[in-house]
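For reference, the chain that follows is the form predicted alone, supplied as structure tokens.
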């Protein structure tokens, strides 16, 4: 684990399937302040199924970002996601705590769809009862994926001091910026280009996680095809405000996408309700670049019956209005969620 060791800035680096985002926060006497935010689009097919297939493109893209931003530190927190990452909550009876790690790793083998020699595992004890039952959160990742991501960061001239998981980055951000009630469960849903990630947070614990292969890139591609636009123009149209000026066929495509996303979120919530003894979800926070698809919040709210809003990473993170305009901050807010959560993790003592 990282000790913050007096550094006054913390950097979060999120390597997504379509872009790389970088956030630098500065510690002040009043809390954290946004110092830098940068984003760069990745060339097509640089990351496939959330695994790096073009190492050089990732390295050069990170170098381009840090060339534009004078960072206060080379140390960063980055994260992983996708099918190569397994997050599993387990309840184990272990009479002797000295045997806990062996028991966790032995139990883990039945949940990991890879050869156990090909993964790196870690775990955290969430709670322990008097009858020696341990509530444990297991995280496992394929070594090859971990090495590719950390190697890309190193080759770009940065030092990955912490490698986290996207789910936990979202939880970090939520706990730092939203007033939480111990009895309340909240679903945070990050809708990226090629995946939708959900974490239900209850009493400071990721009570449920779900990673689905549905994202905003499919909608962008459909808009591009139907209107004969460039990918960039189709993406800009997708996240534009309002829907009244859209061609009917684009509005229809957006409605289909919104319904698909809402149904996927509802399935996740239904599974959580059926499989967990935790508190019912009180509301939903949407994050990620595709969270701003017009009417998505409304459609999700109608499908789930739960209050839904776009997550605001700047609830308790300040910024200089002479550097970042309100319009700019509003535009980057959804896509800044994961890198902001990573920066906050980097800044934990």
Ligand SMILES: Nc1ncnc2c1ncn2[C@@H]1O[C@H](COP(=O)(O)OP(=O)(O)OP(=O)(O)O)[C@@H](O)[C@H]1O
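Numbering follows the first chain given and starts at 1. Note that the coordinates shown come from a computational prediction; the quantities given were computed from them, not determined experimentally.
FYI, the form predicted together with this ligand isn't displayed, but the following is about it.
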So which of 112 to 120, 89 to 97, 188 to 196, 268 to 276 is the stretch with heavy atoms within 4.5 Å of this ligand in the model of the complex? 188 to 196
Just to confirm, residue 238 within 4.5 Å of this ligand in the model of the complex by heavy atoms? yes
Taking any heavy atom pair closer than or equal to 4.5 Å as contact, tell me whether residue 335 reaches this ligand in the model of the complex. yes
How about residue 210 - does it come within 4.5 Å of this ligand in the model of the complex, if we only consider non-hydrogen atoms? no
Check residue 9 for me: does it contact this ligand in the model of the complex (non-hydrogen atoms, 4.5 angstroms)? no
Consider the chain as shown here, without its partner, and state which of 293, 35, 62, 284 has a heavy atom within 4.5 Å of this ligand in the model of the complex. 293
Sequence order please: the residues of 8 to 43 with a heavy atom within 4.5 Å of this ligand in the model of the complex. 16, 17, 18, 19, 21
